[in-house]
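Below sits a lone chain in structure tokens, taken as the form predicted on its own.
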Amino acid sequence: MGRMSLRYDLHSHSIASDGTLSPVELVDAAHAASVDVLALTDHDTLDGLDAAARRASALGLQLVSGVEISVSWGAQTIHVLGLGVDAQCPALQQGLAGLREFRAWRAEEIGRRLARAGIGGCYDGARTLAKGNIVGRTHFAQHLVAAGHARSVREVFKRFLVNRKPGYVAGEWAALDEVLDWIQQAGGMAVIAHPARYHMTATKLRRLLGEFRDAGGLGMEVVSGSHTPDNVRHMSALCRREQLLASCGSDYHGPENPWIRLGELPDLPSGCLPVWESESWSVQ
């Protein structure tokens, strides 16, 4: 399959959640990387969309209004992208506000649990690193690295922030059907983000995709910044089997992760119908 006529990157983050670039800087970086269509999909917030849209309009880049929503399903957290959502939709706004309330409590609780384990000052450190309103686990990880408790963000997660470690707090997110309802009410398209990252058995992943499709979900990320070539082949076969649309996104968080670059994605495998070629793609 040859080069797409347009370069799409339908998954990215700014300082509105756990990215390190402002929405304007993110759009500038996408433009410099020759991205034609960019989706800003911050975690559980729409805060960066207005600034990103103004900058994209000035540069002639198409911005897709998006969000990455946290879902509890099958005793684990999965992420669903809403692409082309109306940021003024009350149902979506109210749903995301509830998730942000839980995020705020979780951040304080992570700080309390790390303090009980003898590592004080983590909440304040993470809060300082968060440039937007959301304090996420990545901010705790960055603080713990800066404070000398680990050598890398990956090491922090392994030693402090996963199950049975001192700073772990289980996610209590929204239900899958609830999230799909918010996205549909907002006129958006629901896409499962980076499915290979969930490390599910084949049976469980097929069940997730089936429930997602039956509840009105339309697409899945076949190509992701975290997917290996084997993952892409496997997800492409699943995408066709489950009759879902195929999406691609870098999941870019900023230049600190040089192995993930905006727009530098392999083409979708042949046989997959891209989200932007479907009748449901109404992004203006």
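Heads up: residue numbers just count along the shown sequence, starting at 1. Fair warning: this is a prediction, and the values are worked out from it, not measured in the lab.
The discussion below concerns the form predicted in complex with a small molecule, not included here.
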When you measure heavy atoms, are His79, Thr138 and Val153 every one within 4.5 angstroms of the small molecule in the predicted bound form?
yes
Contact residue in the predicted bound form, chosen from His227, Arg55, His43, His31 - any heavy atom within 4.5 Å of the small molecule:
His43
May I ask you to choose, among Lys165, Arg127, Arg106, Arg112, the residue with a heavy atom within 4.5 Å of the small molecule in the predicted bound form?
Arg106
For the chain shown here without its partner, which stretch in 88-96, 143-151, 175-183, 129-137 has non-hydrogen atoms within 4.5 angstroms of the small molecule in the predicted bound form?
129-137
So in the predicted bound form, does any heavy atom of Tyr123 sit within 4.5 Å of the small molecule?
no
Does Phe160 reach the small molecule in the predicted bound form if we count a contact as any heavy atom within 4.5 Å?
no
